[in-house]
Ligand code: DGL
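For reference, the chain that follows is the form predicted alone, supplied as structure tokens.
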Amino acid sequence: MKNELKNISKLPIGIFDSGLGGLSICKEIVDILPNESIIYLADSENAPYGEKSKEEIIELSIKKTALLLSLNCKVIVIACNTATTNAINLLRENYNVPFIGIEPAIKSAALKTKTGKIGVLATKGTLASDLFLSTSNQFRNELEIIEVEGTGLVRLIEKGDIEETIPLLKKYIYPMLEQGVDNIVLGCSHYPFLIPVIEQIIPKGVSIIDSGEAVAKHTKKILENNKLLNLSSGIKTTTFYTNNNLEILEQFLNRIKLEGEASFLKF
């Protein structure tokens, strides 16, 4: 039994996202779990998930899960807020593998705010989900939560057009600031790539909060609890697949200094 668990522990962590945004999560996981092999799926062809119906999001999430399981992944990280909030419960019911999801870090913002007002910048699919509603409702008695849909941001990020997001970000963030928010929660795994741009827009004293580090720490905890943590410092592999533009995937990997094999794969 011990040898069997040891062998399973050497299997890769599977990560999927609606595109390249989840690389921000992947980077945190690689940093905190340096011995783990990784397989990352960037479903850029279908991005953004946030503009799709719940049924479409679930169908796409099932396909990504099935592919990662066929590649012998021991756990699956859903590095997409929209896929997490719409599909993770169904996936957990139907597959016998641990799932780690990501959702807007409202609790972190609630603990930090001094004005009692926080902003959440997220996709339509995340803001409309039952899971987001349930989570945010836990804090509405003590907080004012200003929700804003980041329409168009994911498409620009997927093209690598980070600077082109500035007019949209001003349109979305200025009203939050006018209402007195002192914390802005990034409710999409693509949005951390915009942090350098957002920092040019917001005044000092306003914090940007994303979920990357928390997801990485939770992934480590899940591996430990299930005795799946790879304690060996031997050979590991990090593989990134995209079903759209390989060149842009490679640009993003270079930007955040993530090393591994990048390939085009139709899925």
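The model shown is predicted, which means the values in this text are computed figures rather than measured ones. Numbers for residues come from their place in the sequence shown, where the first is 1.
There is another form of this protein, the form predicted in complex with D-glutamic acid (DGL), and it is not shown here; the text below is about that form.
Heavy atoms, 4.5 Å, D-glutamic acid (DGL) in the predicted bound form: which of 171-179, 93-101, 129-137, 184-192 makes the cut? Say which one.
It is 184-192 that comes within 4.5 Å of the partner.
Quick check on this chain: which one of A87, I76, I118, V154 has a heavy atom within 4.5 Å of D-glutamic acid (DGL) in the predicted bound form?
Among A87, I76, I118, V154, a heavy atom within 4.5 Å of D-glutamic acid (DGL) in the predicted bound form occurs only for V154.
Taking D-glutamic acid (DGL) as it sits in the predicted bound form, is F240 in contact with it (heavy atom to heavy atom, 4.5 Å or less)?
No, F240 is distant from the partner.
Are there residues in 101-125 with a heavy atom within 4.5 Å of D-glutamic acid (DGL) in the predicted bound form, and which are they, in order?
The stretch touches the partner through T123 alone.
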